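What follows is a pair of forms of the same protein chain, given separately as C-alpha coordinates and numbered structure 1 and structure 2.
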Structure 1
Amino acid sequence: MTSVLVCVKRVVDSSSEVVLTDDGQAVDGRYAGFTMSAHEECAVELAVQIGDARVVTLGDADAVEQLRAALAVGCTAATHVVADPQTFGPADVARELAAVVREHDHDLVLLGNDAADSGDFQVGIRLAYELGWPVVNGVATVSVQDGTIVADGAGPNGHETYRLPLPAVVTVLEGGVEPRYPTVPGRMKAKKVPIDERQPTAEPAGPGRVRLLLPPPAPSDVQVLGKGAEAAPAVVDLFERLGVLAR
(Lines of atoms letter the chains of each structure in order from A and count residues from 1; the text may use other names and numbers.)
(Lines give C-alpha, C1' and ligand atoms only; values in the text may rest on other atoms or scores of the structure.)
Protein backbone atom coordinates (compact mmCIF):
# COMPACT_ATOMS: atom_id res chain seq x y z
CA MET A 1 0.00 0.00 0.00
CA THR A 2 1.25 3.48 -0.87
CA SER A 3 2.29 5.56 2.14
CA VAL A 4 0.90 9.07 1.66
CA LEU A 5 1.67 12.28 3.53
CA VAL A 6 -0.92 15.02 3.06
CA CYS A 7 -0.07 18.55 4.18
CA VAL A 8 -2.66 20.99 5.51
CA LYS A 9 -2.60 24.49 6.93
CA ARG A 10 -4.90 26.28 9.37
CA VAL A 11 -6.23 29.29 7.47
CA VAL A 12 -8.95 31.88 7.94
CA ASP A 13 -12.33 30.95 6.50
CA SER A 14 -12.49 32.99 3.30
CA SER A 15 -16.28 32.80 3.00
CA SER A 16 -16.54 36.01 5.02
CA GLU A 17 -14.96 39.44 4.60
CA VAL A 18 -11.15 39.33 4.51
CA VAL A 19 -9.50 41.50 7.18
CA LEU A 20 -5.75 41.88 7.66
CA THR A 21 -3.89 42.11 10.95
CA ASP A 22 -2.65 45.56 11.96
CA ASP A 23 0.88 44.84 10.73
CA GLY A 24 -0.37 43.54 7.36
CA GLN A 25 1.50 40.25 7.77
CA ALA A 26 -1.48 37.90 7.96
CA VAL A 27 -5.22 37.52 7.53
CA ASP A 28 -7.07 38.23 10.77
CA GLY A 29 -9.40 35.38 11.66
CA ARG A 30 -10.73 36.58 15.00
CA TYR A 31 -14.22 37.11 13.61
CA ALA A 32 -14.25 34.69 10.68
CA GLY A 33 -13.16 31.34 12.10
CA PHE A 34 -10.57 28.91 10.75
CA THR A 35 -10.53 25.94 8.40
CA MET A 36 -8.33 24.28 5.78
CA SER A 37 -8.49 25.35 2.14
CA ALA A 38 -10.73 23.65 -0.42
CA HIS A 39 -7.58 22.54 -2.28
CA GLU A 40 -6.35 20.77 0.84
CA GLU A 41 -9.74 19.16 1.52
CA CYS A 42 -9.48 17.57 -1.93
CA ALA A 43 -5.87 16.55 -1.26
CA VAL A 44 -6.99 14.83 1.95
CA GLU A 45 -9.73 12.99 0.08
CA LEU A 46 -7.29 11.79 -2.58
CA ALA A 47 -4.77 10.72 0.07
CA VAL A 48 -7.40 8.62 1.85
CA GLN A 49 -8.46 7.03 -1.45
CA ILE A 50 -4.89 6.16 -2.42
CA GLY A 51 -3.59 4.47 0.70
CA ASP A 52 -2.37 4.80 4.26
CA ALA A 53 -2.51 8.56 4.83
CA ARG A 54 -0.69 10.62 7.46
CA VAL A 55 -1.66 14.29 7.83
CA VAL A 56 0.85 16.96 8.85
CA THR A 57 0.64 20.63 9.68
CA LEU A 58 3.01 23.33 10.87
CA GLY A 59 1.24 25.66 13.22
CA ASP A 60 0.40 26.69 16.74
CA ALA A 61 -1.63 24.68 19.25
CA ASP A 62 -4.94 25.57 17.57
CA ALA A 63 -3.87 23.83 14.34
CA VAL A 64 -4.68 20.50 16.00
CA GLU A 65 -8.28 21.23 14.97
CA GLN A 66 -7.37 20.80 11.30
CA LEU A 67 -5.42 17.61 12.03
CA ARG A 68 -8.44 16.16 13.83
CA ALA A 69 -10.66 17.12 10.88
CA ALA A 70 -8.43 15.12 8.52
CA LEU A 71 -8.30 12.18 10.92
CA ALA A 72 -12.10 12.21 11.09
CA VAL A 73 -12.40 11.55 7.34
CA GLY A 74 -9.90 8.73 7.07
CA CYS A 75 -6.31 9.75 7.73
CA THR A 76 -4.74 7.23 10.09
CA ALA A 77 -1.96 9.27 11.74
CA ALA A 78 -1.03 12.90 12.33
CA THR A 79 2.12 14.95 12.88
CA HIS A 80 2.13 18.45 14.34
CA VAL A 81 5.21 20.61 13.82
CA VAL A 82 4.64 23.03 16.68
CA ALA A 83 5.64 26.54 15.63
CA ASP A 84 4.35 30.02 14.86
CA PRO A 85 3.44 29.74 11.16
CA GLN A 86 3.81 33.49 10.59
CA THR A 87 7.55 33.24 11.20
CA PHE A 88 8.04 30.49 8.61
CA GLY A 89 8.50 31.15 4.91
CA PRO A 90 7.89 28.59 2.12
CA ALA A 91 11.49 27.34 2.24
CA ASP A 92 11.25 26.88 6.02
CA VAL A 93 8.00 24.93 5.72
CA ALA A 94 9.40 22.74 2.93
CA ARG A 95 12.42 21.88 5.08
CA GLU A 96 10.21 20.80 8.01
CA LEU A 97 7.91 18.75 5.77
CA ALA A 98 10.93 17.03 4.23
CA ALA A 99 12.06 16.02 7.74
CA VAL A 100 8.66 14.39 8.37
CA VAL A 101 8.81 12.58 5.01
CA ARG A 102 12.24 11.16 5.79
CA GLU A 103 11.27 10.10 9.30
CA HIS A 104 8.21 8.13 8.17
CA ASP A 105 9.49 6.99 4.76
CA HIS A 106 6.50 8.19 2.70
CA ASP A 107 6.12 7.39 -1.01
CA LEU A 108 3.88 10.29 -1.99
CA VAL A 109 3.26 13.80 -0.68
CA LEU A 110 0.06 15.67 -1.51
CA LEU A 111 -0.41 19.40 -0.86
CA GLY A 112 -2.95 22.03 -1.77
CA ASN A 113 -1.92 23.97 -4.85
CA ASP A 114 -1.36 27.20 -2.90
CA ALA A 115 -1.71 28.73 0.53
CA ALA A 116 -5.21 30.11 0.95
CA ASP A 117 -4.12 32.95 3.22
CA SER A 118 -0.76 34.24 1.91
CA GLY A 119 -1.10 33.05 -1.70
CA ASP A 120 2.25 31.21 -1.69
CA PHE A 121 2.61 28.69 -4.51
CA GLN A 122 6.09 27.61 -3.50
CA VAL A 123 5.98 24.89 -0.86
CA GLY A 124 5.27 21.93 -3.15
CA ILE A 125 8.09 22.78 -5.55
CA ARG A 126 10.53 23.60 -2.75
CA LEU A 127 9.67 20.34 -0.99
CA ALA A 128 10.30 18.32 -4.16
CA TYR A 129 13.63 20.10 -4.61
CA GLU A 130 14.55 19.39 -0.98
CA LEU A 131 13.77 15.68 -1.42
CA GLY A 132 15.10 15.37 -4.99
CA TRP A 133 11.71 14.01 -6.12
CA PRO A 134 9.66 14.73 -9.25
CA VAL A 135 6.74 17.14 -8.83
CA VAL A 136 3.57 18.06 -10.72
CA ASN A 137 1.40 21.03 -9.79
CA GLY A 138 -2.24 21.99 -10.05
CA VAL A 139 -3.88 18.65 -10.85
CA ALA A 140 -7.44 17.61 -10.10
CA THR A 141 -7.10 13.86 -9.53
CA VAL A 142 -4.29 11.54 -8.48
CA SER A 143 -4.08 7.75 -8.48
CA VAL A 144 -1.37 5.11 -8.19
CA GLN A 145 -1.20 2.45 -10.90
CA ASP A 146 1.51 -0.22 -10.77
CA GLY A 147 3.83 1.98 -8.75
CA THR A 148 3.34 5.01 -10.99
CA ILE A 149 1.54 8.25 -10.14
CA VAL A 150 -1.16 9.18 -12.67
CA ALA A 151 -2.26 12.80 -12.24
CA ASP A 152 -4.92 14.52 -14.35
CA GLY A 153 -5.77 18.19 -14.66
CA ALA A 154 -6.60 21.04 -16.98
CA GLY A 155 -3.73 22.57 -18.92
CA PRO A 156 -3.51 25.56 -21.26
CA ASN A 157 -4.35 23.34 -24.23
CA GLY A 158 -7.00 21.16 -22.60
CA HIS A 159 -6.93 18.02 -20.47
CA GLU A 160 -3.48 16.80 -19.46
CA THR A 161 -2.29 13.55 -17.88
CA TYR A 162 1.05 13.23 -16.07
CA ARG A 163 2.80 9.99 -15.13
CA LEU A 164 5.52 10.13 -12.48
CA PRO A 165 7.57 7.44 -10.75
CA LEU A 166 7.26 7.06 -7.01
CA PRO A 167 8.29 8.73 -4.77
CA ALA A 168 6.79 12.05 -5.90
CA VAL A 169 5.21 15.33 -4.79
CA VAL A 170 1.84 16.48 -6.18
CA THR A 171 -0.14 19.68 -5.54
CA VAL A 172 -3.91 19.52 -5.88
CA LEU A 173 -6.55 21.95 -7.09
CA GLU A 174 -10.13 21.71 -5.88
CA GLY A 175 -12.83 20.32 -8.16
CA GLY A 176 -11.52 16.90 -9.11
CA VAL A 177 -13.08 15.02 -6.20
CA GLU A 178 -15.82 15.63 -3.69
CA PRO A 179 -14.35 15.79 -0.17
CA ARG A 180 -16.14 13.59 2.31
CA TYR A 181 -17.47 15.14 5.49
CA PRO A 182 -16.81 13.64 8.92
CA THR A 183 -19.45 11.53 10.58
CA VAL A 184 -20.07 11.57 14.31
CA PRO A 185 -18.28 8.18 14.75
CA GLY A 186 -15.43 9.56 12.64
CA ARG A 187 -15.07 12.61 14.88
CA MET A 188 -15.16 10.48 18.01
CA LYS A 189 -12.50 8.14 16.63
CA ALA A 190 -10.32 11.08 15.59
CA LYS A 191 -10.29 12.41 19.17
CA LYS A 192 -8.57 9.21 20.33
CA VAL A 193 -5.77 9.21 17.76
CA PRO A 194 -2.46 10.32 19.33
CA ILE A 195 -0.81 13.20 17.49
CA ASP A 196 2.94 13.09 17.01
CA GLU A 197 4.37 16.45 18.09
CA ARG A 198 7.79 17.62 16.93
CA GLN A 199 9.82 20.78 17.08
CA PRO A 200 11.26 22.53 14.01
CA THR A 201 14.65 21.24 12.89
CA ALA A 202 16.12 24.74 12.49
CA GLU A 203 15.40 28.40 13.10
CA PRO A 204 13.20 29.82 10.32
CA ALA A 205 14.60 32.35 7.87
CA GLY A 206 11.12 33.88 7.65
CA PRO A 207 8.81 34.66 4.75
CA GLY A 208 10.58 37.84 3.65
CA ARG A 209 7.16 39.40 3.24
CA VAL A 210 6.82 43.18 3.35
CA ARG A 211 3.04 43.14 3.90
CA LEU A 212 -0.17 41.81 2.43
CA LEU A 213 -2.48 44.15 0.54
CA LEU A 214 -6.17 43.80 -0.10
CA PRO A 215 -7.40 44.60 -3.63
CA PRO A 216 -9.76 47.56 -3.88
CA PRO A 217 -13.44 46.62 -3.74
CA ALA A 218 -15.02 45.99 -7.12
CA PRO A 219 -17.15 48.93 -8.26
CA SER A 220 -20.88 48.37 -8.41
CA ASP A 221 -23.66 50.33 -10.05
CA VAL A 222 -27.27 50.26 -8.97
CA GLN A 223 -30.12 51.46 -11.15
CA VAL A 224 -33.50 52.02 -9.54
CA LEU A 225 -36.18 51.10 -12.08
CA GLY A 226 -39.07 52.48 -10.10
CA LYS A 227 -41.49 51.53 -7.37
CA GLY A 228 -44.44 49.19 -7.45
CA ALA A 229 -46.50 48.84 -10.63
CA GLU A 230 -44.88 51.95 -12.13
CA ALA A 231 -41.63 49.98 -12.52
CA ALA A 232 -43.21 47.28 -14.73
CA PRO A 233 -42.47 48.92 -18.13
CA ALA A 234 -38.85 49.54 -17.14
CA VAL A 235 -38.47 45.91 -16.02
CA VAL A 236 -39.85 44.69 -19.36
CA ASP A 237 -37.45 46.96 -21.26
CA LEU A 238 -34.55 45.64 -19.17
CA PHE A 239 -35.51 42.00 -19.83
CA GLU A 240 -35.67 42.74 -23.56
CA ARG A 241 -32.20 44.32 -23.51
CA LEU A 242 -30.85 41.27 -21.68
CA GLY A 243 -32.46 38.94 -24.23
CA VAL A 244 -34.73 37.31 -21.68
CA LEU A 245 -37.85 38.42 -23.57
CA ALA A 246 -38.30 38.39 -27.31
CA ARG A 247 -39.71 41.50 -28.93
Structure 2
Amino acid sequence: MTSVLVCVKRVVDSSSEVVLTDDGQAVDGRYAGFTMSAHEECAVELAVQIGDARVVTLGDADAVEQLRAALAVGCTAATHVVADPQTFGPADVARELAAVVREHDHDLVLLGNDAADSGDFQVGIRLAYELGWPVVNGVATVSVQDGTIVADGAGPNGHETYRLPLPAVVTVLEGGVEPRYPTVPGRMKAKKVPIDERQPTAEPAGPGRVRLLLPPPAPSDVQVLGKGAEAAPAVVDLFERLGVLAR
Protein backbone atom coordinates (compact mmCIF):
# COMPACT_ATOMS: atom_id res chain seq x y z
CA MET A 1 0.00 0.00 0.00
CA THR A 2 1.27 3.44 -0.88
CA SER A 3 2.44 5.36 2.15
CA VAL A 4 1.21 8.92 1.75
CA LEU A 5 2.03 12.09 3.65
CA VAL A 6 -0.45 14.93 3.28
CA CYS A 7 0.52 18.44 4.38
CA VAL A 8 -2.08 20.85 5.71
CA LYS A 9 -1.86 24.35 7.13
CA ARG A 10 -4.13 26.07 9.62
CA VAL A 11 -5.12 29.35 7.96
CA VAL A 12 -7.49 32.21 8.66
CA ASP A 13 -10.80 32.00 6.92
CA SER A 14 -10.45 35.02 4.65
CA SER A 15 -14.18 35.22 3.99
CA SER A 16 -14.44 36.80 7.43
CA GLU A 17 -13.04 40.30 7.93
CA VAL A 18 -9.26 40.33 8.17
CA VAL A 19 -7.66 42.30 11.04
CA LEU A 20 -3.89 42.62 11.47
CA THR A 21 -1.84 42.47 14.67
CA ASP A 22 -0.42 45.80 15.88
CA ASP A 23 3.07 44.99 14.63
CA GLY A 24 1.64 44.18 11.17
CA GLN A 25 3.39 40.81 11.14
CA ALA A 26 0.32 38.57 11.12
CA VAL A 27 -3.43 38.34 10.85
CA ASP A 28 -4.96 38.80 14.29
CA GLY A 29 -6.36 35.40 15.15
CA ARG A 30 -8.66 36.79 17.83
CA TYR A 31 -11.07 38.06 15.20
CA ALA A 32 -10.76 35.23 12.70
CA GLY A 33 -12.17 31.82 12.00
CA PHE A 34 -9.67 29.12 11.05
CA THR A 35 -9.73 26.39 8.47
CA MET A 36 -7.55 24.52 6.00
CA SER A 37 -7.71 25.56 2.35
CA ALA A 38 -9.99 23.87 -0.16
CA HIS A 39 -6.92 22.66 -2.08
CA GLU A 40 -5.68 20.87 1.02
CA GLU A 41 -9.11 19.36 1.77
CA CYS A 42 -8.94 17.82 -1.69
CA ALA A 43 -5.35 16.67 -1.06
CA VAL A 44 -6.53 14.92 2.13
CA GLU A 45 -9.37 13.23 0.24
CA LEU A 46 -6.97 12.01 -2.46
CA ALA A 47 -4.51 10.81 0.19
CA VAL A 48 -7.05 8.60 1.94
CA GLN A 49 -8.28 7.25 -1.40
CA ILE A 50 -4.73 6.33 -2.43
CA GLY A 51 -3.37 4.59 0.64
CA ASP A 52 -2.28 4.77 4.20
CA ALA A 53 -2.15 8.47 4.96
CA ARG A 54 -0.32 10.45 7.62
CA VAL A 55 -1.21 14.11 8.02
CA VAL A 56 1.36 16.70 9.03
CA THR A 57 1.22 20.35 9.92
CA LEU A 58 3.72 22.91 11.07
CA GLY A 59 1.77 25.25 13.28
CA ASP A 60 0.98 26.49 16.76
CA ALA A 61 -0.87 24.47 19.39
CA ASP A 62 -4.29 25.23 17.83
CA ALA A 63 -3.30 23.58 14.55
CA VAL A 64 -4.19 20.26 16.20
CA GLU A 65 -7.74 21.11 15.11
CA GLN A 66 -6.75 20.73 11.43
CA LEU A 67 -4.90 17.47 12.17
CA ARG A 68 -8.00 16.07 13.89
CA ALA A 69 -10.14 17.13 10.95
CA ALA A 70 -7.92 15.12 8.60
CA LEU A 71 -7.88 12.14 10.98
CA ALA A 72 -11.67 12.25 11.13
CA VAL A 73 -11.93 11.69 7.37
CA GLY A 74 -9.53 8.78 7.20
CA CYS A 75 -5.91 9.73 7.83
CA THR A 76 -4.42 7.16 10.21
CA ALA A 77 -1.52 9.04 11.80
CA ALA A 78 -0.53 12.63 12.51
CA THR A 79 2.63 14.64 13.07
CA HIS A 80 2.60 18.10 14.59
CA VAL A 81 5.71 20.22 14.16
CA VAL A 82 5.03 22.75 16.89
CA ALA A 83 6.17 26.20 15.80
CA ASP A 84 4.86 29.65 14.95
CA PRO A 85 4.23 29.36 11.19
CA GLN A 86 4.52 33.16 10.79
CA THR A 87 8.24 32.94 11.44
CA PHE A 88 8.78 30.16 8.88
CA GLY A 89 9.41 30.88 5.23
CA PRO A 90 8.57 28.35 2.49
CA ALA A 91 12.13 26.95 2.46
CA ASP A 92 11.97 26.47 6.25
CA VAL A 93 8.64 24.65 6.03
CA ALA A 94 9.91 22.43 3.19
CA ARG A 95 12.94 21.39 5.27
CA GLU A 96 10.75 20.43 8.25
CA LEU A 97 8.34 18.46 6.04
CA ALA A 98 11.26 16.64 4.41
CA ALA A 99 12.42 15.44 7.84
CA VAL A 100 9.00 13.87 8.43
CA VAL A 101 9.01 12.18 5.01
CA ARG A 102 12.42 10.64 5.67
CA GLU A 103 11.51 9.45 9.12
CA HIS A 104 8.44 7.55 7.95
CA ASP A 105 9.66 6.43 4.51
CA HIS A 106 6.67 7.84 2.71
CA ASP A 107 6.65 7.36 -1.04
CA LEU A 108 4.10 10.00 -1.99
CA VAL A 109 3.61 13.50 -0.54
CA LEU A 110 0.50 15.53 -1.30
CA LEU A 111 0.22 19.26 -0.60
CA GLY A 112 -2.02 22.09 -1.65
CA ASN A 113 -0.95 24.13 -4.65
CA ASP A 114 -0.81 27.28 -2.51
CA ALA A 115 -1.54 28.09 1.11
CA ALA A 116 -4.61 30.28 1.61
CA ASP A 117 -2.75 32.78 3.81
CA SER A 118 0.89 33.16 2.71
CA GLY A 119 0.13 32.16 -0.90
CA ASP A 120 3.77 31.36 -1.65
CA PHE A 121 3.05 28.74 -4.35
CA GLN A 122 6.30 26.89 -3.61
CA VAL A 123 6.45 24.67 -0.51
CA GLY A 124 5.72 21.50 -2.53
CA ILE A 125 8.37 22.28 -5.12
CA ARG A 126 10.97 23.14 -2.48
CA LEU A 127 10.13 19.92 -0.63
CA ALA A 128 10.76 17.94 -3.83
CA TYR A 129 14.23 19.46 -4.14
CA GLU A 130 14.94 18.69 -0.46
CA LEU A 131 14.09 15.04 -1.15
CA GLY A 132 15.56 14.84 -4.65
CA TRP A 133 12.17 13.71 -5.98
CA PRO A 134 10.13 14.78 -9.02
CA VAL A 135 7.15 17.09 -8.45
CA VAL A 136 3.86 17.47 -10.28
CA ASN A 137 2.19 20.78 -9.62
CA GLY A 138 -1.42 21.96 -9.59
CA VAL A 139 -3.33 18.82 -10.55
CA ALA A 140 -6.93 17.97 -9.65
CA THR A 141 -6.79 14.17 -9.48
CA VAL A 142 -4.09 11.68 -8.52
CA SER A 143 -4.14 7.89 -8.46
CA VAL A 144 -1.48 5.21 -7.99
CA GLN A 145 -1.44 1.87 -9.81
CA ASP A 146 1.45 -0.59 -9.47
CA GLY A 147 3.84 2.08 -8.29
CA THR A 148 2.91 4.50 -11.08
CA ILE A 149 1.29 7.85 -10.37
CA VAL A 150 -1.27 9.18 -12.82
CA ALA A 151 -2.19 12.82 -12.23
CA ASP A 152 -4.55 15.03 -14.21
CA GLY A 153 -5.28 18.71 -14.29
CA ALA A 154 -6.22 21.68 -16.42
CA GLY A 155 -3.35 23.19 -18.41
CA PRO A 156 -3.30 26.32 -20.54
CA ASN A 157 -3.92 24.28 -23.70
CA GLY A 158 -6.29 21.62 -22.41
CA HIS A 159 -6.56 18.77 -20.01
CA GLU A 160 -3.09 17.43 -19.08
CA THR A 161 -1.92 14.05 -17.80
CA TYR A 162 1.30 13.23 -15.97
CA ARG A 163 2.53 9.65 -15.48
CA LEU A 164 5.59 8.93 -13.33
CA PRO A 165 6.94 6.37 -10.87
CA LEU A 166 6.89 6.72 -7.09
CA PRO A 167 8.31 8.39 -5.08
CA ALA A 168 7.08 11.87 -5.89
CA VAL A 169 5.59 15.08 -4.57
CA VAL A 170 2.23 16.23 -5.98
CA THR A 171 0.47 19.53 -5.30
CA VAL A 172 -3.29 19.64 -5.61
CA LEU A 173 -5.81 22.21 -6.80
CA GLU A 174 -9.42 21.95 -5.64
CA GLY A 175 -12.11 20.72 -7.98
CA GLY A 176 -11.10 17.15 -8.88
CA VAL A 177 -12.63 15.33 -5.92
CA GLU A 178 -15.39 15.95 -3.41
CA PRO A 179 -13.88 15.94 0.12
CA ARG A 180 -15.93 13.61 2.32
CA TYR A 181 -17.63 14.80 5.49
CA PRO A 182 -16.46 13.28 8.76
CA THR A 183 -18.84 10.73 10.27
CA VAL A 184 -19.55 10.63 14.00
CA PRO A 185 -17.54 7.39 14.45
CA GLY A 186 -14.81 9.02 12.34
CA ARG A 187 -14.65 11.95 14.73
CA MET A 188 -14.61 9.64 17.77
CA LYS A 189 -11.76 7.62 16.30
CA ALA A 190 -9.83 10.77 15.39
CA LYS A 191 -9.88 11.90 19.03
CA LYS A 192 -8.04 8.76 20.09
CA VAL A 193 -5.22 8.84 17.56
CA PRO A 194 -2.03 9.95 19.34
CA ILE A 195 -0.41 12.96 17.69
CA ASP A 196 3.33 12.76 17.23
CA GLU A 197 4.58 16.12 18.49
CA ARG A 198 8.01 17.41 17.66
CA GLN A 199 10.20 20.49 17.54
CA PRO A 200 11.58 21.99 14.33
CA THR A 201 14.96 20.58 13.29
CA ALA A 202 16.54 24.02 12.74
CA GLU A 203 16.06 27.74 13.34
CA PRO A 204 13.92 29.25 10.56
CA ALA A 205 15.44 31.77 8.15
CA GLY A 206 12.04 33.44 7.95
CA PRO A 207 9.72 34.59 5.19
CA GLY A 208 11.34 37.93 4.23
CA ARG A 209 8.22 39.75 5.41
CA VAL A 210 8.58 43.43 6.16
CA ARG A 211 4.95 43.84 7.18
CA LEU A 212 1.39 43.12 6.20
CA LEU A 213 -0.96 45.85 5.04
CA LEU A 214 -4.66 46.03 4.43
CA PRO A 215 -5.74 47.38 1.05
CA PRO A 216 -7.49 50.74 1.51
CA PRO A 217 -11.28 50.30 1.69
CA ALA A 218 -12.88 51.42 -1.55
CA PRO A 219 -15.35 54.28 -1.12
CA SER A 220 -18.83 53.11 -2.01
CA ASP A 221 -21.28 55.21 -3.99
CA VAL A 222 -23.43 52.32 -5.13
CA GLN A 223 -26.98 53.15 -6.17
CA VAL A 224 -29.30 50.38 -5.00
CA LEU A 225 -32.05 49.90 -7.59
CA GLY A 226 -34.18 47.76 -5.33
CA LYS A 227 -34.65 44.43 -3.64
CA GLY A 228 -35.59 41.12 -5.27
CA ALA A 229 -37.76 40.65 -8.32
CA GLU A 230 -39.49 43.99 -7.78
CA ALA A 231 -36.32 45.74 -8.95
CA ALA A 232 -36.76 44.39 -12.51
CA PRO A 233 -38.47 47.47 -14.04
CA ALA A 234 -35.78 49.78 -12.59
CA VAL A 235 -33.11 47.48 -14.00
CA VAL A 236 -34.63 47.48 -17.47
CA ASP A 237 -35.01 51.29 -17.30
CA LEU A 238 -31.28 51.39 -16.60
CA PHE A 239 -30.58 49.11 -19.58
CA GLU A 240 -32.57 51.51 -21.77
CA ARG A 241 -30.71 54.52 -20.41
CA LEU A 242 -27.34 52.86 -21.02
CA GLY A 243 -28.49 51.74 -24.49
CA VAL A 244 -27.50 48.12 -23.90
CA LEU A 245 -30.76 46.39 -24.84
CA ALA A 246 -30.27 44.35 -28.00
CA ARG A 247 -32.87 45.08 -30.65
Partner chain sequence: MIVVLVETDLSGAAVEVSREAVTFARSLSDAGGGVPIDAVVVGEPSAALVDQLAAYGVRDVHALTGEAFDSFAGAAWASGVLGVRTAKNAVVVMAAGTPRGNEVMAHVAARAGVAMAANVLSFSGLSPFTVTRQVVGGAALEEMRLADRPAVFTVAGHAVEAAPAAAAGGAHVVVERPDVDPADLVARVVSTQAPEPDLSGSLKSAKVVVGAGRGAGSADGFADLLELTELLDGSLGVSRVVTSLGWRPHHEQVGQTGSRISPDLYIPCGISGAIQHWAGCSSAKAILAINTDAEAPMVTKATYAVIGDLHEVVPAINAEIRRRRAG
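Sequence positions of structure 1, starting at 1, serve as the residue numbers. Bear in mind that the values here come from a model prediction, so they are computed numbers and not experimental data. Between two forms, the rigid core is defined as the largest C-alpha subset superposing within 1.5 Å.
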query: Number of the structure representing the form predicted together with its partner chain; finding: 2
query: Between structure 1 and structure 2, how far the Cα of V224 shifts once the core is aligned, in Å; finding: 5.3
